[in-house]
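Take a look at this single chain, the form predicted alone, given in structure tokens.
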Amino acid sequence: MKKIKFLFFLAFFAVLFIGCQDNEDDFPTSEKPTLALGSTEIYGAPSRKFEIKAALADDLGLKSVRIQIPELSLDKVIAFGTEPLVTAYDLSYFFEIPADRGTSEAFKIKLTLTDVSNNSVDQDINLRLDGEFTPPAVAMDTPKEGAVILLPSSNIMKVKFMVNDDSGIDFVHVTCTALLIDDLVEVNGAQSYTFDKEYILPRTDASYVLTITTKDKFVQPNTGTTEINVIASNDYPAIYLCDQPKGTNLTTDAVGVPMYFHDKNGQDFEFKYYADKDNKEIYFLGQEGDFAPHCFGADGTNLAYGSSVAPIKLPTKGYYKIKMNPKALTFSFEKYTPTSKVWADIANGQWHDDEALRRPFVSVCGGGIKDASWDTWNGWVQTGLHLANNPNNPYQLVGEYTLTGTMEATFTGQWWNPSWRLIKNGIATMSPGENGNAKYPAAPGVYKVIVDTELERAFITKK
């Protein structure tokens, strides 16, 4: 009898337990969930992430969505809670294609959406690995970035550039709000297009931003924007000293090439400069990024203007004070001996809390520089960032840095003493005033570094 009663109660509680379980997940019958894909075809590439987008909905509640690409070992389940029930969800899921896949491969992405009533729907997305992700390439002929248009000579701005794209160009759009320029050209799929047009400028000093927008004809189009800064002036706003051979690409270095002037009074420009060898050849440029259109050199003892000018030669190695006037076409130079402080033996510096036991060193704090931070202690322990004295010039501190992208820097010792802040125009000064650190675009790579404490200039050039 006891055995029968025991079995009865065991059966009763089993039924009760199962009933409770069933009630926990027991939802009424409902309509199937809906799965609206953002696209039925996605383009990817090896080592590149792609995004799966879909709008998920159910009248009662969503239970889960499963994302599968068996060939790429992707099997992801996203589960939804029931307190409260989720009736709508915007799916945005990123996945990176393995590096060892080929660009000719294609796969099916399977999405399975299930609601709380266990209704399911499936959708497939085509995934191709032959995607194109770069906008049309723009090659500027004129004006170059930072170009100066001298209004007394001409108030015409010629805009000429070439656009190329393997998948074909959809359109080219040239705009400048200040000049009311709004030229849209439908290219209709040609792989190459040249834009060539002239615009009239007001005869007043002003700066303009020319914006070039391009779009290709790829299935999933790519759009790119290029901005060109142009200065229109009745005078030269700046002159640069360039010690590179004519025709050198002046945009590959990060800082200081060509060198910005030191002082200006009207159109009289003054420079300090170090010639690192006898018969050093220099030019003066009216723009930072190119030898054209404003280039000055020598015609005997006179200053000459034009694309074919000869270089000015500084006869012997050493420091010079140089003056020039681009309108009067005059120049002069004289050698001088610096009297500023020499920061000697910085390669043997020593960090120490006791100032009496401290020896100066110079490292770098900043961003966009491998191993650097804004902590001077980090500058000390990262010995690869330490600069050393140039054995041929005690006023120059030299080294090599790896830049990772747009950079900013302060060359410094312990607790910012000594310290040269790199502000705009390549100026590295111990007296920056209210000028903050400037940001300099730079392609990743190894660069040679020279900090000239006499000139208060930094030169960071691609190795």
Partner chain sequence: MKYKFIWLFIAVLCSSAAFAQITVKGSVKDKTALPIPGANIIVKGSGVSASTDFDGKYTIVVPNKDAQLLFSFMGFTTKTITVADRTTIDVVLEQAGQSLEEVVVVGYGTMKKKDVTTSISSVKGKDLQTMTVGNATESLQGKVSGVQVTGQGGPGAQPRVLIRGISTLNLSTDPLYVVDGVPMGNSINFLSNNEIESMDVLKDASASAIYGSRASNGVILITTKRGKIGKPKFNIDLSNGFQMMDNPYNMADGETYANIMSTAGHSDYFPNTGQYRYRGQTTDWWGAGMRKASPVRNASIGVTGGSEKNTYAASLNYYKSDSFYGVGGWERITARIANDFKFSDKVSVGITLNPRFETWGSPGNWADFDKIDPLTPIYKPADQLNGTENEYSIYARSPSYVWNPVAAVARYDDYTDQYNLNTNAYLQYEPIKGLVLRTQGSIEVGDKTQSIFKPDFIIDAAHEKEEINSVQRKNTTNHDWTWQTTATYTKTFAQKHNMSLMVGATMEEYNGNDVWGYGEGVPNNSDLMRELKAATKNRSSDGNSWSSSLLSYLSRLSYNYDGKYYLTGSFRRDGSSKFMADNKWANFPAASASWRISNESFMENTKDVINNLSLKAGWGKVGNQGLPDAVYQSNIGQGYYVIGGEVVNTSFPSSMANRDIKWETVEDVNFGLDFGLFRNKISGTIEYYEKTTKDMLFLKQFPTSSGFPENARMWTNVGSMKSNGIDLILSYKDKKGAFSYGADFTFTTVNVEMISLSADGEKLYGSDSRTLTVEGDVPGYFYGYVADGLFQNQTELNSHTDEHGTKLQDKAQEGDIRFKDLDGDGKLTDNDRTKIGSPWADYTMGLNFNFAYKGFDLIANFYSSIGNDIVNQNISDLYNAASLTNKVAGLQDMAWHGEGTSNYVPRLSRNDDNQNYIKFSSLYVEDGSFVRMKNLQIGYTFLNQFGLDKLRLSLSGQNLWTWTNYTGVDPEVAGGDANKGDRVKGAGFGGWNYPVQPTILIGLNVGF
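Remember, predicted model here, so these are calculated numbers, not experimental data. Just so we're on the same page, rigid core means the largest C-alpha set that superposes within 1.5 Å between forms. Residue numbers count along the first chain shown, from 1.
Below, we turn to the form predicted together with the partner chain, even though it does not appear here.
Heavy atoms within 4.5 Å of the partner chain in the predicted bound form belong, among the stretches 319 to 327, 273 to 281, 353 to 361, 171 to 179, to residues of 353 to 361. Across the proposed site, 47, 306 and 331 without exception lack any heavy atom within 4.5 Å of the partner chain in the predicted bound form. At a distance threshold of 4.5 angstroms between non-hydrogen atoms, residue 235 is out of contact with the partner chain in the predicted bound form. Taking the partner from elsewhere, residue 425 is found to have every heavy atom lying beyond 4.5 Å of the partner chain in the predicted bound form. At the 4.5 Å threshold, heavy atoms of residue 348 reach the partner chain in the predicted bound form. Of the heavy atoms in residue 73, some are within 4.5 Å of the partner chain in the predicted bound form. 89 is the sole member of 133, 336, 374, 89 with a non-hydrogen atom lying within 4.5 angstroms of the partner chain in the predicted bound form. Checked against the partner chain in the predicted bound form, the candidates 193, 199, 95, 291 yield a single residue with a heavy atom inside 4.5 Å, and that residue is 95. Contacts with the partner chain in the predicted bound form, taken as any heavy atom within 4.5 Å, map within 373 to 399 to 383 alone.
Fitting the two forms on the rigid core leaves the C-alpha of residue 377 displaced by under 2 angstroms between this form and the one not shown. Here residue 413 does not count as shifted, since its C-alpha moves by less than 2 Å between this form and the one not shown after the core is aligned. Residue 311 shows a C-alpha shift below 2 Å between this form and the one not shown [criterion: core-superposed Cα displacement of 2 Å]. In the predicted bound form, the Cα atoms of residue 432 and residue 443 sit 3 Å or more farther from each other than they do here.
In contrast to the form presented, in the predicted bound form the C-alpha positions of residue 349 and residue 431 draw closer by 3 Å or more.
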